[in-house]
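Listed next as structure tokens is one chain, alone, in the form predicted alone.
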């Protein structure tokens, strides 16, 4: 076997390998991601949220931390530029912000729109993607790292609010690197995660809606 033949065989094998990635179905990709994220029991991560409002020519940047403990505990704490906290336990939401300094309690059973938004956010952050096929057309934009585009199907609640959601995963596909949401209004939100820790102990203070001190 001469050198040129060996090179051609190696090239063909490379192309076949790339084609194999391209032919993975969306279901296969979602299933693989769910499997890699299935052993996550707790999550602690920092975030930077860049919000662009269509009517303003500037960005609003928020920074804070997110905590997750499966199956039903979720906490969102904004620390800069203003403090705000949201704790979700089962179907109850507790909110607090430093401007009014009061805790508000909301039942998701009495607020279907809130239930839909929060439910989808928990699915994205928890790595539960297969059920989203019922509500979104999902496209694999890129491999290595995986990037997915979620376009709401007609006759869903999300269709009236969202143009699309794009999620980029970390290179190890163990968690999300960023989420981008384009809304019907022209507003957009980019959420980037940093210092992410998986299956780490979480202090009880993370589940307190009103911060200590």
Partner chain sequence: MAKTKKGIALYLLLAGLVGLCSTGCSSIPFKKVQYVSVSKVQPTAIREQFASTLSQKFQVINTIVFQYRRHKFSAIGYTDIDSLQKLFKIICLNHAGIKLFELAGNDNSVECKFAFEGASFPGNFAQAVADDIRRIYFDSIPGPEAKIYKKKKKIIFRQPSETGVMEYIFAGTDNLLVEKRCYKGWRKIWSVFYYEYRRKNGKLYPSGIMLKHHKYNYQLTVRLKEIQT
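For the two forms, the rigid core is made up of the largest set of C-alpha atoms that agree within 1.5 Å on superposition. Numbering follows the first chain given and starts at 1. Predicted model only: the values in this text are computed from it and were never measured.
Just so you know, the form predicted together with the partner chain exists too; it's not on screen, but the next bit is about it.
The partner is not drawn, yet in the predicted bound form one stretch among 146-154, 167-175, 182-190, 25-33 has residues with heavy atoms inside 4.5 Å of the partner chain: 182-190.
Among residues of the shown chain, residue 49 is one whose heavy atoms approach the partner chain to within 4.5 Å in the predicted bound form. Shown alone here, residue 139 lies farther than 4.5 Å from the partner chain in the predicted bound form, counting heavy atoms only. Taking non-hydrogen atoms only, residue 39 never approaches the partner chain to within 4.5 angstroms in the predicted bound form. For the chain shown alone, residue 97 is a contact residue for the partner chain in the predicted bound form, at least one non-hydrogen atom being within 4.5 angstroms. Residue 121 is the only one of 133, 73, 128, 121 with a heavy atom lying within 4.5 Å of the partner chain in the predicted bound form.
Of the residues in 69-85, those that come within 4.5 Å of the partner chain in the predicted bound form through at least one heavy atom are, in sequence order, 76, 78, 81, 82, 84. Core-superposed comparison between this form and the one not shown: CA of residue 142 displaced by less than 2 Å.
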